[in-house]
Each structure stands twice: as C-alpha cells, then as structure tokens.
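One protein chain, two forms: both are listed below as structure tokens, the first as structure 1 and the second as structure 2.
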Structure 1
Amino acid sequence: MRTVVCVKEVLDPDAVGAYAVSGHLEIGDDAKTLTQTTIPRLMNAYDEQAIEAALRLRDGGADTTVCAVSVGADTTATLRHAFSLGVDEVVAISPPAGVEVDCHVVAALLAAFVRDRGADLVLTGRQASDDDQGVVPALVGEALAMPVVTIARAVDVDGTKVTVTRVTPDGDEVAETELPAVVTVSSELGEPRYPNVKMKMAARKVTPEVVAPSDLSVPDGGLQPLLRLERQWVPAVAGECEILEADSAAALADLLIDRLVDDKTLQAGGGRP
C-alpha cells in the first residue's frame, strides 16, 4: 500500500496574527504580498496532522509506504520536517515558471504526481491556514476520479476499504469507501507526534526529490490558473471596549443591565428582545 500526504508550506499564522494585532502587518505596493520578511515559514498544521494519520496507520500494522509531497519554490525545510516525523519519501514539485499558481494549478500538479507514481490513499489537511479555502483536496479527487471524504478525526484501512470518522456539527459521522481515495484530516485527530533528536539529525541530511512540471503527465491546460488574486488588504481593527465603573459589584451589575437595556440587547423587566 502507498500513502501520499500532500503538505503545504505557509507563513506562521501566530506571527501573522501578532503583526496584525500590533498594527504592523503591511501589504506591499503590488497589493498582493506582505512586506514582512521575518515571518517564519512552516508546515500547515492540518497537513502535519495528515502525516500523523498516515503514521498511525503504519504504526497500527498497515503495510504502507508514506510519501510527503509539496508544491512550492523551496519547501526543503518543510519536507525535512516531514521526514523527521517518520515519512519514508519526500518530494518537492517545482511550480511552473511564469505562472501565478492558484489552487487549480496546485491540484493539477498533485494529481499528476499521484497518477504517475501511484497511491492507494491520499491524505491532506482539511484546509491551509493562509487562505482557508480547502478546495485542493476536492480538485485532486475530481482529477483522479477518486472519492473524497472530508474533515476526518480518525482514519482506518482494512484491506481495500478505508473507514473515516468525520467531524460534523451534529456529532461524529462514519463513512466508508473503497480505495483509492482522498481523505482530508482535521485537528480533532489529536496532537501530532514530535520528532526525536535522532530523526531531526537524519532529516538535516535529506535532500527532497525535485520533480518539474515537465516530468509529470499534466493534462493540456492543467497549468493555466483559473483564479487571479487582484489584491488583499489588512482590515482596520477598531477597539470599542467601554469600561464600566461602580462602587460595588451590585451597583456595577445594575449599571451593566441598564446599558444592555439601552442598547436593546435586553428588554426592561428581563429577557431578550
């Protein structure tokens, strides 16, 4: 059995959030890219949990080879981290030159890689922290004519079938389908493992296999983006917090209730409007 895990390198969302809260997150003159060059890049957290799902299958006795693949200009650090976690193979797909890569191009490259190299199970994170779209797995599944099962918190393989416990607003849902299949993994899977020192040292010596788009059987027109980023901006954050003060807790509670009634959040005499 062969498991392919698709991983994406993203800007550290905590660092981006810190810049945004402090008012120092800036978009460049092209209206598309951030000016900050000190924000670290790391593996998308959901994709790290997808790797964890693949490793748990192997730990549970599944005879599977785990391959991590990423599309990007330089994803060596992210793929070395994947290797330190325990994957068997790491592959970097170079983006096509002169093309503004969108989700369709990424999906076409990943699908071509899976088609050419083979995979019984394709795992991805449920979405990426930079754009939060979560459409690439569905596009990969469509291109490969594979069933797609989303937001998994548990993945089990038995022979030619995969059973997925899905997270839904109404509780868990169990889905089963034949392999090959695409499964997206959510944070409810649980904390991913940490690499040990030995694996970290070994990963430093690993050079990911680099695959060019010309090496893959991408269908004609597959490398033409269908979406174009026009601009992005940082919304203004205005603080409108009002501090209420009173001589006692009881007086403060009365003051708060009066204010909520004035704002029509509560009705006079109790209850909501």
Structure 2
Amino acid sequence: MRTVVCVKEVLDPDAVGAYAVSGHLEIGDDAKTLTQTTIPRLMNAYDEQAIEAALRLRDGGADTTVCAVSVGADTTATLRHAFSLGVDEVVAISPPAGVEVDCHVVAALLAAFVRDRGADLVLTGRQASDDDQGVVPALVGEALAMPVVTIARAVDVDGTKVTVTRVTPDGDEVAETELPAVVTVSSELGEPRYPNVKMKMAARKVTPEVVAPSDLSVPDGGLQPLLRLERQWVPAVAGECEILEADSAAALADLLIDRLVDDKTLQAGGGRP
C-alpha cells in the first residue's frame, strides 16, 4: 500500500500572532505579503500530525510506504523535516510559473500527483494554519472521486477498509470507508514524534525530487486560479477593558461580582447554600 501525505510550509502562526498583536506585523508594498524575515517558516502543525498518522499505521504493521509531497517554491526544509520523521519519499511540486497559486491550483497539482503516481490513502492536515481554509483535501478528493473523511483523531487501515475516529462537535464519531480515500488529521491525534539525531543528519543530505506541473497530468484549466489574493491587513480590535483594582484577591472578586450584577450580566439571588 502507498500513503501520500500532503504537507504545506507555513509562516509560524504564533510569530505572526505576536507581531500582529503588538502592531508590528509588516505587510509588503503589494499590500498583501507578510514580509518579516524573522518569522520562521515551518511545516503546518496538522500536517506533521498527518505524517504521524501515516507512521503509526506503518509502525502498527500496515504494509505501506509513505510519501510526503508539498507544493511550493522552496519546500526543501519542510520536506527534509518530513524525511527526518521517517517518511520514505519526499517530493516537491514546483508551482506553475507566472501564476499566483490558489487553493484550486494546489489541489489540482496534488490530485494529478496522486493520479499519476498512485496512492491508496491520502492524508492531509485539517487546515493550513496560514489561510485556515481547510478546503484543499476536499478539492483533491473530489478531483479523484475519492471519499473524504475529515478531522481524524485516529486512522486505522484493515485490508481495503479505513476506519476513522472523527472529532465532531457532538463528540467522537467512527466512520468507515473503502480505500482509496482522503483523510484529514486534527491535533487530537496527539503529539507527533521528534526526529532522532541520526535521522536529522541523514535528512540534511536528502534532496527532494522536484516535479514540475508539466510532468503531471493536470486536466485542462486546472492551473488557472479561481481566486486572487488582493490585500491582507491586521483587523482593529476595539479594546475597552476596565482593569479592576483592589487590595486583595477577595476584594477584587467582590468588585467583579458587583460589576456583573450592576450591569445585569448576573443576578444577585437569594443566597443559595
């Protein structure tokens, strides 16, 4: 069996958040690109968990190879990280020249890669922490007419059947489908493993295979973006916080309860036991 894990390189969302909150997020002259070179680039955390899900299947005895694939201009560092975690094969798909790639183009490229090279199981993150869209896996599944099962806490394969424990707002749901299938992985899967030193060293010497769009059987029109990013900005937060002050924790607590009763958020009752 062959498992393909789709991994995206993103700007560290915590660093972006820290700059945004402090009012120091730099946006380039094009009014949309985040230009701070001090923001680290790393593998989308959910994609690390998707790799972890694949490795757990392999560790658990599934006879599968694991291939990590990424669409992007320079994804070498992210793919080396994937290799250090223990995947067998790393592939970089370069974006089409002169096109501002959107989620539809990324999905078309990933789907073509899977169609051409084959996969029984396609694992992805539930969403990328930069655009938060969570649409690429569904677009890939539709392009390949594969079932799509989202937000996995656990993924199990038995023969041609895949069983997914999904984290839903109403609690866990267990769903089954036949391979080939697309499954998106959530943080509830648990901590991904750390690479050991030996694997880290080995990964440094690995050069990902580079695949050009022209090497792939992308259907006509598949490389035409449907969306163009026009602008990006930091939304204003209207802060109007009253900081309560008092001498002791007890007095602060009483003051807060007073405020909440005064503004009718809470009601003073008859002194329940």
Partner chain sequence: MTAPVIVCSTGTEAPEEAEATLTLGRKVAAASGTDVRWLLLGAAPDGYADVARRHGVAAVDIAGGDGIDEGDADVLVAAVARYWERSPGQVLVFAQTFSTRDIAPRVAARIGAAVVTNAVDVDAGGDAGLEVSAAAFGGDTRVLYAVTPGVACVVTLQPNAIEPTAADGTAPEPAVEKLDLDLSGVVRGVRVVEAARSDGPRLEDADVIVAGGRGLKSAENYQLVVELAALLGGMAGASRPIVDDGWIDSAHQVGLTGKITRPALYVAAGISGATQHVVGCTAAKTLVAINTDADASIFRHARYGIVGDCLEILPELIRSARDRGVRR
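Quantities reported herein were computed from a predicted structural model and do not represent experimental measurements. By convention here, residues take numbers in order along the sequence of structure 1, the first being 1. Between two forms, the rigid core is defined as the largest C-alpha subset superposing within 1.5 Å.
Engineer: Between the pair I just shared, point out the form predicted together with the partner chain.
Structural biologist: The chain shown as structure 2 is the form predicted together with the partner chain.
Engineer: Honestly, after the rigid core fit, is residue 12 moving at least 2 Å at Cα between structures 1 and 2?
Structural biologist: Shift of 2 Å or more: no.
Engineer: With both forms fitted on the core, give yes or no for whether the Cα of residue 246 moves by 2 angstroms or more between structures 1 and 2.
Structural biologist: For residue 246, whose C-alpha is compared between structures 1 and 2 after core superposition, the shift is 2 Å or more.
Engineer: Relative to the superposed rigid core, does the CA atom of residue 25 travel 2 Å or more between structures 1 and 2?
Structural biologist: No, because once the rigid core is superposed, the C-alpha of residue 25 moves less than 2 Å between structures 1 and 2.
Engineer: Taking the rigid core as the frame of reference, how far in Å is the Cα of residue 260 displaced between structures 1 and 2?
Structural biologist: On core superposition, this C-alpha lies 2.8 Å from its counterpart.
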